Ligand SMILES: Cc1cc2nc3c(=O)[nH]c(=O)nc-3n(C[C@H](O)[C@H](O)[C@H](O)COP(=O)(O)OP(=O)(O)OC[C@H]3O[C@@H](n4cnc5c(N)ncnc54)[C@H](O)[C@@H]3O)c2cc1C
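Below you will find one chain, with nothing else, as structure tokens; this is the form predicted on its own, and questions on how it binds or moves follow later.
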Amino acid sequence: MTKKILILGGGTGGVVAALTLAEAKKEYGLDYEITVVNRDEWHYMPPLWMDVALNGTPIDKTRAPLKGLEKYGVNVVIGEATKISLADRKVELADGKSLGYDYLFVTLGLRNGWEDIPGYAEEGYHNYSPEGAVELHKALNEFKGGKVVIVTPEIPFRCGIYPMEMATVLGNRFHVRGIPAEITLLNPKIPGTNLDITWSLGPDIGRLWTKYFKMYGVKVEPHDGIEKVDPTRKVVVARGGKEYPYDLLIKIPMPRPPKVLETDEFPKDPSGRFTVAKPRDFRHPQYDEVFLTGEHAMPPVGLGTAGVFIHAASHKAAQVLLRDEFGVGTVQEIPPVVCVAYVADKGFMGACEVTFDGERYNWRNCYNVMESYLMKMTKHAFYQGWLDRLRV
């Protein structure tokens, strides 16, 4: 009987799992059908939303139709999962339909939580959604000078380099355009240290950021928590009562699990923010036919909330399924992960070694591979090439 593989989420994790399984199905002649469920018709590349915010890049350049998976033999259902019944192997959708499965990949990303800090939801700008990126672009174009505060409320946060990346890019932007601005990074401290998240990827990447902080006068203010944002007085209040006035507030969301995962069927880590999976193979703690490879599952296994880790986790989980349930292929351990990001007016390539100690992954040994204008072009080329796989 044909097996049904259901993948919830059409982001990086969902697409990687679908393509890995589709390629194996063709290569080995396997009997299963793959279905991806996503709440809208698009597969987005969120790192490109920074280009929307900074340069007005059209949203169409940051996405591709998820239906493009169909040319690889993958079914695509546009709909939002509202209930997952693991015991019944059934997923209910918002339109009332339900889908059964033999194997399930849950890779639904994270919800942008703003609500836990008073005033945080109502004030400030961000580019963690297409709409937010467009609003931030307008705000930056209207900004004529003053105090810019970039707030990261807690660890972990989505995309571990974003605050530093944005600070250096804005520093260069204001310098080139002659805009008098003072940029302050409100960065959380790394637990158990006196260091802030500038150094979270290790000394090599930390030195890269601080070089450009000094170049553009970016101030870093470590904090132990954000108490509130006061839009009337335009100040951010950190724990202990210290206040940071702003003319432009750029905010990083607090990661929270998608609503459909806020049930007892998906155990959480002690923080309550992330779903728990078995670190070795990303299986659900109680249901071996269920794999959790979205951002919502990365921190408890020791990985970061970023696309490179989701890509690696989904690829490995798909290999585990193919080997254990269909008897084909081999499982490769997660290799070093590489990302390309902006720094000021250039780009850099960073790499992190990933090891597994039997209980969790470790990836803090990161280093700067290359810093140049070429890396800025490489970032664009990689992401557009990725999206082109789905474009018709």
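Because the structure is predicted, anything quoted here is derived from the model rather than measured. One-based numbering along the sequence shown.
What comes next is about the form predicted in complex with the ligand, which does not appear here.
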* **Of 159, 321, 149, 301, the one that lies within 4.5 Å of the ligand in the model of the complex (heavy atoms)** => 159
* Which listed residue (216, 199, 101, 128) meets the criterion of a heavy atom within 4.5 Å of the ligand in the model of the complex? -> 128
* Contact test in the model of the complex: residue 310 vs the ligand, heavy atoms, 4.5 Å -> yes
* Asked: With the partner left out of view, is residue 47 within 4.5 angstroms of the ligand in the model of the complex by any non-hydrogen atom?
  -> yes
* Evaluate residue 25 for contact with the ligand in the model of the complex, applying a 4.5 angstroms cut-off between non-hydrogen atoms, and reply yes or no. => no
* To do: May I ask you to check whether residue 236 falls inside a 4.5 Å heavy atom distance of the ligand in the model of the complex?
  => no
* Asked: In terms of non-hydrogen atoms within 4.5 angstroms, which of the given stretches 178 to 186, 291 to 299, 262 to 270, 228 to 236 touches the ligand in the model of the complex?
  -> 291 to 299
* Which residues in 322 to 352 have a heavy atom within 4.5 Å of the ligand in the model of the complex? -> 339, 340
